[in-house]
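Subsequent text provides structure tokens for two forms of one protein chain, presented individually as structure 1 and structure 2.
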Structure 1
């Protein structure tokens, strides 16, 4: 029996994936574990590995297609083995952002409207409604009764495929029913509002955003709109840290400033765990593990792989794991499980020469540390004589619902302490 290759669900919030490239071709044998396709999720790109051995009988979706999770994108089996007759119906989603509504849906709904019994509506003590105006702004949403919205089967199926709540959609069917055309019209109007076309002038061009960039944009917009955030900054004297790093490099340890900053962040959270938490209405969820997300600028956009249990790692271990994660990001081969579970994030723009910046919180986290470039400044010693020091600016953006400025300053002071006294960090065992 032919087996389907499905679009994997890589994370709870993933609804669709994009096929970037097929490594295998129809009629070619594949083995279990072979990388057969390259796909893009809203967080990263990844190779899709075969779960079955056999011949690739049919590729249902080609490069560039967006496919809902858990839907077949290809079929594997013995040579010449038939695949299900309805493989297209199973795998294809009626996503329509705009332009035409499938005539089959309209025809089926018209028939169902003609046969829709008024008694079903009246039995619920609901009065019949006139067809609603198709303008979202002026039309009321579908009427709710006993937890059920009145909608045709095609409308429910289309709304489920597009992840749309029926209660948001103005109905136009008989007795206030929502039609599939209502769902598509609603999506079209929302798409136009969210993706308005600006005025184009001669010489202008479009630069399409990747799925990762679009997802990050939505995520950070949500954070800015819902989190009452503030920030505070401190300078750290990292002269001794730079000297220690140079000594470690001489003996073969490829440690980075980012590694020291991640270790210092974990050190600070050991003393003040309040910002290693998630805000949950009238309480905080204090996270048991200190998992530091490291912001990496990859080919597809900003990606944040995670250092699990960073407070239990040495500088060398953090450096090694960070380098490995960064390599996976830049080769576009990082798995989604390496992007999950961060309790706080670190963003280092020092390599780009940035001397100060305010990073945006990555919800549901409650804080993010921004690390800037190391710069040289003359400062007075105890005798008042100028001494050249290496200074790094630190900025902590934090959720003011979780803690105030004083608590944020205490965390920042703990981070600065570890950077100024690197011997406090976990030593190599």
Structure 2
């Protein structure tokens, strides 16, 4: 029988994906592993690969459509095979309803009647999945569960009073449900947006934002509005680090300043674990692993891939992994899985000649380290004579709920320590 190709759930925070392009056409045979479509999430774009052979019977959602994760976007099978009526109906549903919040995806695997288990989808390598069991025929009609938003009665009433569609509102409930406060929060934001009337004159034009840029905007707005943040700075004497790097490069290494900074950040976090955490109202979730995000300026906007277990990597490993992640960002092929799990991000504006800046925290992370350009400065030695030093300015923006200035300073001092004494970093094997 015909098998569905579904919108993959490629990360815990992925609720919907946008179809950018279909490489395959209806009626055309496809082979396992073929890239059949290009899709976009909030954080990245990626190719969707076919998982089985057959003919692409029906494309349910075309380019530009936003589809909730785990919903069929196309059907594959033998030529002329029928497609289940109920899921077929999805294609007739207006696109704006496609912003449906996925129901029961992460929390309840038994709900395969409505959705294929998330674990299967997530364990795959971004390819379509077979349904967990033959439940397609017994699924409720698409209209029945499509367009249903999980929202509390209070949220529904508030939304109705304010004449808002629930589908527009990002949920914050534990089960993905929209709360009354989410509606109010959304309205406040919309109010601000609508009060801004663009003045267009001759010669002006619009530059549409990519979905990554829009997501970043929402995300950072949320961060700035909800995180009481502060920042502190230190200068690190990187004279020896620069020498060490030059030596390494002489023998063929491609190690970057960013890699040293990432290693130093992991070193500091590993020593002072308070900021290796996530704020959760009345407690911190202290993370076992030290995962560091690296801000990368990709073609579609800022993307933050994550160096997993950065504290256990040598400087060369960090360097090659960072290069790998950066390449994935630049080729727009990074999986959203690789963008999650960091507690802190490293942002290096040194290559742009920036001498100091205050970075914005990427929620739900607890802090972000801004690293600036290495510059030469005369500093007094113990006898007061000027010595030429290589100096780099470090600025840590941190969530003050996670820790205070003293704790942030401790972390920053740990990072500086590793930058000034690069031999403290995990040696090459």
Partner chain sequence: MREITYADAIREAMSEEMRRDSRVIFIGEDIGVYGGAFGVSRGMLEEFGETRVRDTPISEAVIVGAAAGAAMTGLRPIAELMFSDFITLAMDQLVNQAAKNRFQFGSQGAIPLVIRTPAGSGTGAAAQHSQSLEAWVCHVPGLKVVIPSTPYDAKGLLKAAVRDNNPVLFFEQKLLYRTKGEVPEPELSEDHIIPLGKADIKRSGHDLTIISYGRMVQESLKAAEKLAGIGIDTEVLDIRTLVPMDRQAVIASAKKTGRVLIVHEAVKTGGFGGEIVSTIADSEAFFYLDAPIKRLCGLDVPIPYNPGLEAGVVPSSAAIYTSALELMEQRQLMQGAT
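Residue numbers count along the first chain shown, from 1. Keep in mind it's a predicted model, so treat the numbers as computed, not measured. By rigid core we mean the largest C-alpha set that fits within 1.5 Å across both forms.
With each form of the chain shown alone, which structure should be assigned as the form predicted on its own? The form predicted on its own is shown as structure 1.
After the core is overlaid between structure 1 and structure 2, has the C-alpha of residue 406 moved by 2 angstroms or more? No.
With both forms fit on the core, is the shift of the CA atom of residue 256 between structure 1 and structure 2 2 Å or larger? Residue 256: C-alpha displaced by less than 2 Å between structure 1 and structure 2.
Would you say whether residue 177 is displaced between structure 1 and structure 2, judging by a C-alpha shift of 2 Å or more on the superposed rigid core? Yes, shifts by 2 Å or more.
Report, in Å with one decimal, the C-alpha displacement of residue 25 between structure 1 and structure 2 after core superposition. Residue shift at the C-alpha: 2.8 Å.
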